[in-house]
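Just one chain is shown here, as structure tokens, and it is the form predicted alone.
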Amino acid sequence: MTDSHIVTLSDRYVLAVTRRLPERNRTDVAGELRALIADDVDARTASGVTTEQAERDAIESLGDPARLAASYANRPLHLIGPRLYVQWVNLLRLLLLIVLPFVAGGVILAKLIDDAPVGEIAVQTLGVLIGTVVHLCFWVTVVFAVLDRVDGGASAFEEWTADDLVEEFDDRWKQRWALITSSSWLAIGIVALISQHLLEPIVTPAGERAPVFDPQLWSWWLPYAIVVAVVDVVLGVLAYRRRRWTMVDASLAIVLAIALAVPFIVLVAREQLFTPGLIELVATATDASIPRIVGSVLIAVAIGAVLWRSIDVVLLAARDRRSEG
């Protein structure tokens, strides 16, 4: 059976389970599942339930297909605890698939522009990818570990229902596109930060090459900014999985936007964002007022981004609350 030939919820469920199993086990498991579902549907319809509702109830009684497939394959589902394992794996897989190609492409492009030898390109790319994987895995795991240990933390995810089969096989393009776009912008931002650091496009009056941003910021602000941005994407993924934004989600998104913007504004105001000497170099080459104008624009953009993000998430939460009512 292929995705294009899926007709019923039972078909969707059987395929959702069996495609997670080794090829040799799929036929037997599919037959067993169909028999189980058919018997359950017959029993429920005999008690007066409609066939459609009986099918949904029978499928939902079997539970999340990922968990059922794991039980058939004798695969343990554990992270810190089993409740959030499937969601943790799905989110981590999504982030890695989106972020790693952008990071690798940015490093390779920067090294090619710098005429680096092939060996250096390979080593640098591998090193940056390993670091990116470590950071993503660590911070995503920390978030899920906290959710797993906090009372009610798993409520960030809804219990699996038959409606999730529709999501699994029928793409929700608008929501997915928004999620992919935000994740892509995160990846592009990480690539840009790494590229400017490796490429060092600024040439000082002494003839030395330097990055755009102060290298000292790698000791705190740049990793901090990346982590905050990753957490914001994680928040968007959680809302996508639940199919709604809540006012709690909106509040957290606003807090994250402020947490990212405030240090940025402070660094710009104190002229500590850019590599030492860059502001003086620009003022000398152009006009003394240019750095102040650029700083004012950057601060205005940061404030505008916070306001836009705040309005956007509040409207999303309000819309989803109205749709629930």
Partner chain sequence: MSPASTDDPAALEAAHLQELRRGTVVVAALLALREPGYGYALLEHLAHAGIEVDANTLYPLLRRLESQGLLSSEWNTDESRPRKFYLTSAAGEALALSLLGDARRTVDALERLSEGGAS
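Whichever C-alpha set is largest while still superposing within 1.5 Å between the two forms counts as the rigid core. Positions refer to the first chain, counted from 1. Owing to the predicted nature of the structure, the values given are computational and were not obtained by experimental measurement.
A second form of this protein, the form predicted together with the partner chain, is not displayed here; the remarks below concern that form.
Contact annotation: the partner chain lies within 4.5 Å of heavy atoms from the stretch 60 to 68 in the predicted complex, the single such stretch among 46 to 54, 277 to 285, 60 to 68, 258 to 266. Contact annotation: Ala35 falls within 4.5 Å of the partner chain in the predicted complex, judged by heavy atom distances. For Asn74, a non-hydrogen atom is located within 4.5 Å of the partner chain in the predicted complex, even though that partner is not displayed. For Asp28, a non-hydrogen atom is located within 4.5 Å of the partner chain in the predicted complex, even though that partner is not displayed. The partner chain is not shown here, but in the predicted complex it comes within 4.5 Å of a heavy atom of Asp42. Although the partner chain is not shown here, in the predicted complex the stretch 87 to 107 places no heavy atom of any residue within 4.5 Å of it. Once both forms are overlaid on the rigid core, the distance between the two CA positions of Leu260 between the shown form and the other one is under 2 angstroms. With the core held fixed, Asn25 shows a CA shift of 2 Å or greater between the shown form and the other one. Superposed on the core, the two forms barely differ at Val306: its CA moves less than 2 Å between the shown form and the other one.
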